[in-house]
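Below sits a lone chain in structure tokens, taken as the form predicted alone.
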């Protein structure tokens, strides 16, 4: 592709599918290309975005806990030239889900992968630094955005704070 020449979401989606069988791409309205990518193909597809979309900007990668040890990673890239967002969805399973890192292709993804690892326990093979980024060390190995995570309300009492009332309504309850 020549640098700066716009490419439609549908055309780029066909290119990805033709190059990587097993990947499914669906152009959506409002300039979104959604691709369902097998975990073993994520580096290939991200590499193609890097090679073919000259102004690809990595916006985010985040996890979703679908329960019962099923997770989804969603990578988002943006191209101003193409006016397209590229959403890559990767399904993972197991108590210790893993996928290859893409932070060597897009260094801007390093902290996003690190945060996703910290909050969901999703491993990124080949990542240079998966140390805790946001959580205190006492929570290492506990993943607060997993639906199975149990909040320890004892810390609220320890800090002399009142735990929130269950089922509080917005704007306050009338009595």
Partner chain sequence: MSPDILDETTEVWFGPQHVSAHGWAAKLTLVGDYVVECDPNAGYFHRSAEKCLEFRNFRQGSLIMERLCMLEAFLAEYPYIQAVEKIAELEVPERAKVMRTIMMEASRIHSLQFWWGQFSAELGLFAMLLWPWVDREFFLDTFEELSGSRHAVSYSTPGGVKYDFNDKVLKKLDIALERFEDRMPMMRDMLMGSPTFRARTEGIGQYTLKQGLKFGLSGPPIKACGLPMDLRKDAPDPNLAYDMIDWEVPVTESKEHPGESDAYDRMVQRFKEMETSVEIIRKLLPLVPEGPIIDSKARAKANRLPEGEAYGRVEGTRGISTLWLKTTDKAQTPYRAKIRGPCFNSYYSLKHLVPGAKFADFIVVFGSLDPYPGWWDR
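Numbering follows the first chain given and starts at 1. Keep in mind that what you see is a predicted model, and the values were worked out from it rather than measured.
The protein also exists as the form predicted in complex with the partner chain; that form is not presented, and the subsequent description refers to it.
Original post:
Does the partner chain come within 4.5 Å of a heavy atom in each of 38, 71 and 98 in the model of the complex?
Top reply: No, the whole trio is out of contact, none within 4.5 Å by any heavy atom.
Original post:
Is residue 126 close enough to the partner chain in the model of the complex to count, meaning some heavy atom within 4.5 Å?
Top reply: Although the partner chain is absent here, residue 126 would stay clear of it in the model of the complex, with no heavy atoms inside 4.5 Å.
**OP:** With heavy atoms only and a cut-off of 4.5 Å, decide whether residue 138 touches the partner chain in the model of the complex.
**Re:** No.
Subject >> is_contact(residue 44, the partner chain) in the model of the complex, heavy atom dist at most 4.5 Å >> reply: Contact check for residue 44: no, nothing within 4.5 Å of the partner chain in the model of the complex.
**OP:** Please check if residue 145 has a heavy atom lying within 4.5 Å of any heavy atom of the partner chain in the model of the complex.
**Re:** Yes, residue 145 lies within 4.5 Å of the partner chain in the model of the complex.
**OP:** Give, in sequence order, every residue of 129-144 that has a heavy atom within 4.5 Å of the partner chain in the model of the complex, or say none if there are no such residues.
**Re:** Heavy-atom contacts to the partner chain in the model of the complex: 131, 133, 134, 135, 144.
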